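Consider the single chain below, provided in structure tokens and representing the form predicted on its own.
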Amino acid sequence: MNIQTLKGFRDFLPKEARKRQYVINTFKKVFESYGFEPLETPALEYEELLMGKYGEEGDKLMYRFEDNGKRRVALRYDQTVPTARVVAQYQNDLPMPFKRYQIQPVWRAENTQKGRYREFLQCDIDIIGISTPLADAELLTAVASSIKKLGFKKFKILINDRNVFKQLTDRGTVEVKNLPDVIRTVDKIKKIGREGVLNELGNKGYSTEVASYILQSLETQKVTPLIAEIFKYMEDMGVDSTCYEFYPLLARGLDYYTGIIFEVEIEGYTAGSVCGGGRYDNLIGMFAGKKVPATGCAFGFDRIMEAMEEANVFPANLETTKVLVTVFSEELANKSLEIASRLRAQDINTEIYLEPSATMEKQLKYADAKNVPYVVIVGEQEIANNTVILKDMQKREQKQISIEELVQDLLPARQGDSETSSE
């Protein structure tokens, strides 16, 4: 038996899982503050629903197979296409605009590397059913708020307008049928550099002069009226202008974008963007039978986690258990259980040691191993005096107090932790 995870798949032990939960809770709080509501979709969809929506590369990376019922199915590749299916399926039951967030795993059969896995969590927000620049601006503002709330001080939202690329077909430089391929090539500029893009365009049949013209026309592009209007709304919503900029070389390789596109880069994090998205006004119509405008984005959860580790912005204490109540002996266990129940009734996360015969040294080592901030010791003398010993494991200090004082002492700690986690 091979006792290990598959390549590109991971286990998350409690220490890491707590950090992930902290990020998820932070995202949810920000998203809901803008009126986004939760949505969940199945891991499996019909293959035909997903195929052809992500471009040729996406189709190759999709996990596809035949299930036991002989149906062709595929694992969720992203959350945008399933959301489009939901809107089409439940269009008469959803208020428009429909503002949703979705935090679920997706699967891609790609080569693993730093920040990339075959199963990973995506965090999406979308505004569906409205095409105003204000909707795009609010989406971008929610993105900026999320990144800031996670503790990042220096980041940049690079924003472009997909219509910038349309000028290449309007001028006859690129044929309409070839434009998606050119866009995907330009999208690689940060990975392979300017010369790399020119060489790849050359390999696709464009002369040196035409390839240079394609890049130069994009590099010299001025802010479009749409982007200017979105920037004004973002300014009105209080987004610092140093956090975003017009970047005409931003392409984003997916085929379904129709308007603004954007990516978020965090200063000092070199593995790539941590969030990307844009407007996709035609995708949902493929399922709904009518045009349904939409704008949205996906946060790269694992990259966010890596960037937070590198920037050291996680709160110091994310432990689940706040108090360990020790058990002095089998005969005195009832008193320890009573105290633990009393603390839990006050919403203080409390653990009881489950081996009454264990030495006190062993119980304290257990608390240390779990980074439990406080330990309550209940011995014969304490029970006789209706007191307990409260031990601060960080300060290595302890005091004898009444049970009533114990609850009051621990309540500020609980409230302080709650405030920290919401910042």
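Counting begins at 1, following the sequence as shown. Please read all numbers here as calculations on a predicted model, not as lab measurements. For clarity, a rigid core is taken as the largest C-alpha set superposing within 1.5 Å between two forms.
As for the form predicted in complex with another copy of the chain, it is not shown, yet the points below apply to it.
Interface residue remark: Ala333 is counted as part of the site for another copy of the chain in the predicted bound form, having a heavy atom within 4.5 Å. Contact between Glu397 and another copy of the chain in the predicted bound form is not found at the 4.5 Å heavy atom cutoff. Although the partner is absent here, Ala17 is a contact residue: one of its heavy atoms lies within 4.5 angstroms of another copy of the chain in the predicted bound form. In the predicted bound form, another copy of the chain stays beyond 4.5 Å of every heavy atom belonging to Asp187. Checked against another copy of the chain in the predicted bound form, the candidates Val73, Cys243, Val164, Leu179 yield a single residue with a heavy atom inside 4.5 Å, and that residue is Val73. For the options Tyr233, Tyr117, Tyr247, Phe314, the residue carrying a heavy atom within 4.5 angstroms of another copy of the chain in the predicted bound form is Tyr233. From the list 96 to 104, 169 to 177, 302 to 310, 270 to 278, the contact stretch for another copy of the chain in the predicted bound form under a 4.5 Å heavy atom rule is 96 to 104. Applying a 4.5 Å heavy atom cutoff to another copy of the chain in the predicted bound form picks out Phe12, Leu13, Pro14, Ala17, Arg18, Arg20, Gln21, Lys28, Lys29, Glu32, Ser33, Tyr34, Gly35, Phe36, Glu37, Pro38, Leu39, Glu40 from 12 to 40, in order along the sequence. Relative to the superposed core, Pro225 undergoes a Cα shift of 2 Å or more between this form and the one not shown. Annotation for Asp240: C-alpha shift of 2 angstroms or more between this form and the one not shown, rigid core superposed.
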